[in-house]
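The chain below stands alone and is given as structure tokens, in the form predicted alone.
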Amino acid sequence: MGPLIPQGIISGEWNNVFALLIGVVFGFFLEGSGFSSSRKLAGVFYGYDFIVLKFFFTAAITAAVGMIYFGYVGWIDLDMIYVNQSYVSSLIIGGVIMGLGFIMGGFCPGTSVCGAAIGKIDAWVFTGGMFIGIFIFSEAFPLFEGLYNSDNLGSIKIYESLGISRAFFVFALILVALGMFYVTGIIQKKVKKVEY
């Protein structure tokens, strides 16, 4: 039963191997979906292409349904899945910074690496800027540490906060996704198509 590493089924040395393999497969699907194009990625903000939203929503729902099924049949212990701590101030500020970068550059961190891997100059510039930002933040971390660690809500889960079951939350999420697919389809038909 999973998770494999926390339960000692496989050793922790496999962690980076799995991370590399999952990253390669994820990058393959990102490139196959056209996410190495900053125009396609920016399309979600301008209303002419919602493939990014649909792709990630579909991936999240598939993973959620899979995890619930695996938990139901006893293949994984869902209570052992690590959930990141929620630092409210850090989440808001980081989200604003990443959102602005996404709008201005047309890439998020993962898609910029995907674009850089196939030789896109704008992706190389964006990835270089990302690494410069990481370096500056890490060097100046003592200045930001108080803000970074403030407003910790712990490992919260949305369905627990709402007082509903995990399965009902995923069912509601599927309904929201279907509604979003329908609405974005209408918007995309009404907005002038942009040639890539």
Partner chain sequence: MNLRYIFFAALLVVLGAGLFFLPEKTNTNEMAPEKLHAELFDQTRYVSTDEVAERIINQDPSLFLIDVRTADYYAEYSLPGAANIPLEDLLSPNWEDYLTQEYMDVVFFSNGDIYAEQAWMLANRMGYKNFYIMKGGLNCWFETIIKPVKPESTASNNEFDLYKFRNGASQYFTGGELILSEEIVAEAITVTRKKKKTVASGGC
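The structure displayed is predicted, hence computed values, not measured ones. Positions refer to the first chain, counted from 1.
This next part talks about the form predicted together with the partner chain, which is not shown.
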{"query": "Triplet I61, I68 and G74 all within 4.5 Å of the partner chain in the predicted complex via a heavy atom", "finding": "yes"}
{"query": "The partner chain: the contacting residue among F171, Y148, F56, F26 in the predicted complex [heavy atom, 4.5 Å]", "finding": "F171"}
{"query": "L175 within 4.5 Å of the partner chain in the predicted complex, heavy atoms", "finding": "yes"}
{"query": "Touches the partner chain in the predicted complex: K157 (any heavy atom, 4.5 Å)", "finding": "no"}
{"query": "R166, heavy atom within 4.5 angstroms of the partner chain in the predicted complex", "finding": "yes"}
